[in-house]
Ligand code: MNH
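Just the one chain here, laid out as structure tokens, in the form predicted alone.
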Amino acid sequence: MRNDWDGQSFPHPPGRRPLVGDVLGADPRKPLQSSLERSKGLGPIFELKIFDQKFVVVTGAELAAELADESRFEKALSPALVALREFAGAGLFTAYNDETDWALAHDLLRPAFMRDSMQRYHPVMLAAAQELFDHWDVATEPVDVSADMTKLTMETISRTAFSQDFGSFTRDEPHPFIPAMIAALRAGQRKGTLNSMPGAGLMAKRIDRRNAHHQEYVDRLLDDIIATRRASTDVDDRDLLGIMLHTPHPETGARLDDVNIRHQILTFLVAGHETTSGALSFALYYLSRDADLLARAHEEVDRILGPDRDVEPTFGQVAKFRFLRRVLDEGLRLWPTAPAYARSPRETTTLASGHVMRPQDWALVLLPAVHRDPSVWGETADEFDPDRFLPENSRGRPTQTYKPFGTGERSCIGRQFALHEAILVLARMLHRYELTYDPAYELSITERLTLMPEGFRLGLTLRTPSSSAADADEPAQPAESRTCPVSSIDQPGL
């Protein structure tokens, strides 16, 4: 994992010290945001030296687009993802490029995110959202948006992945799987953070001992579910687990073994719920702070859903919420909840910056900086403006410069699932509630595996939607998107 780039030097923040490097200027609680701040004035590529580890960071859109060229570059596992492998194994997100199970799992699961499968997930998403709203309807205080969005998306992904209901809105205490998963995940993250420090190996062993029981519980529960389903005589393909258990590769006939199936479930649980809950939370933050944008959102949901606040969007209606989609896109531009990814060259190459990059070298693409590059997004790049994503404003924008779901063949296989869920929830919520924000609140972002607003609360009161009839004549989604539930403006993206 040592990333020495053959001794080449890059711009770096002032204040570097012997032995510790650039540690003293970093915020250990918010390393990404402090890196974003420290990158100012350093150009499109810079370095941070943390003890003996070099982090080469790309912030310029042109250079990020170069690294997105799949013919020259591929996914690399940063120290954070290597640490995540300690918990989630060789899942789709954490597998090395040459691991055969990655290609097998990707081929088997790709149909699980196309239109026919998504139609089966739609009522599951609606049911989870209704549980959230039942909980909110009796709330007497402003709700913790990020916490509740995270509960919602965890319920959705667990039910669609392996038909497990964790009772997030009905139990007095969380299901023991949830704190065990969080504890095991945080242990892996701590080990990744400590990786470059002296004595990291000793500290990692101590962390492993303290958290072994959490990992064992998570693995045992999932292994028991997998074993029970495998022993059943019923072939049930209603969820991702059923697909992985019963579907052979169409060409080779190969199947995933039970350990890798567990890894894939953990990957979907970890990577699939916090990213979506973060996207929803940022969208609600920006909408709640702008009366004009909120009015436009209310107009759209009332026009499509009509005057009944209890109506649920049909599967086909989700693609019609074009303004809500732009709100989500813009929130993901400013704060992509999976905020960085690493790239390495397939063979030694020279970057446009003049640096020589070898296959063992890797660079982190810092998306909040790339998505704010004024050369692409203009002088208002730091402002929230959903209309950036209107077709007439997107036309001519350089490709490969908007990457909230990653890039290339290792991009997020579940991005259409996430967008469908997020738009569905946002539409129902805005149709049902008036939002009241605390004017004293200033956006604070916590950094876990993903980015998430912290301490963000909203007051909710039941609203009366406009009495205008639902718009049944809204144009259908474009032909090029008919295989997916949400019309997409994404370049091949995570």
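Residue indices: 1-based, along the sequence shown. Because the structure is predicted, anything quoted here is derived from the model rather than measured.
We do not show the form predicted together with ligand MNH, though everything after this point is about it.
Which one of 113, 384, 166, 285 is close to ligand MNH in the model of the complex, taking close to mean a heavy atom within 4.5 Å?
It is 113.
Using heavy atoms only and a 4.5 Å cut-off, determine which of 400, 215, 117, 411 is in contact with ligand MNH in the model of the complex.
Only one listed residue qualifies here, and that residue is 411.
Using a 4.5 Å heavy atom cut-off, which of 176-184, 242-250, 225-233, 329-337 contacts ligand MNH in the model of the complex?
Stretch 329-337 is the one.
At the 4.5 Å heavy atom threshold, is residue 73 in contact with ligand MNH in the model of the complex?
Residue 73: no contact with ligand MNH in the model of the complex.
Residue 275 within 4.5 Å of ligand MNH in the model of the complex, heavy atoms
Judged by the heavy-atom cut-off of 4.5 Å, residue 275 is in contact with ligand MNH in the model of the complex.
Heavy atoms within 4.5 Å of ligand MNH in the model of the complex: does residue 188 have any?
Contact with ligand MNH, no.
Hey, in the model of the complex, is residue 267 touching ligand MNH, heavy atoms inside 4.5 Å?
Output for residue 267 is yes: heavy atoms within 4.5 Å of ligand MNH.
Ligand MNH in the model of the complex reached by all of 157, 279 and 404, non-hydrogen atom within 4.5 Å
So, yes: the whole triplet contacts ligand MNH.
What are the residues of 65-95, in order along the chain, with a heavy atom within 4.5 Å of ligand MNH in the model of the complex?
75, 81, 92, 93 sit within 4.5 Å of the partner.
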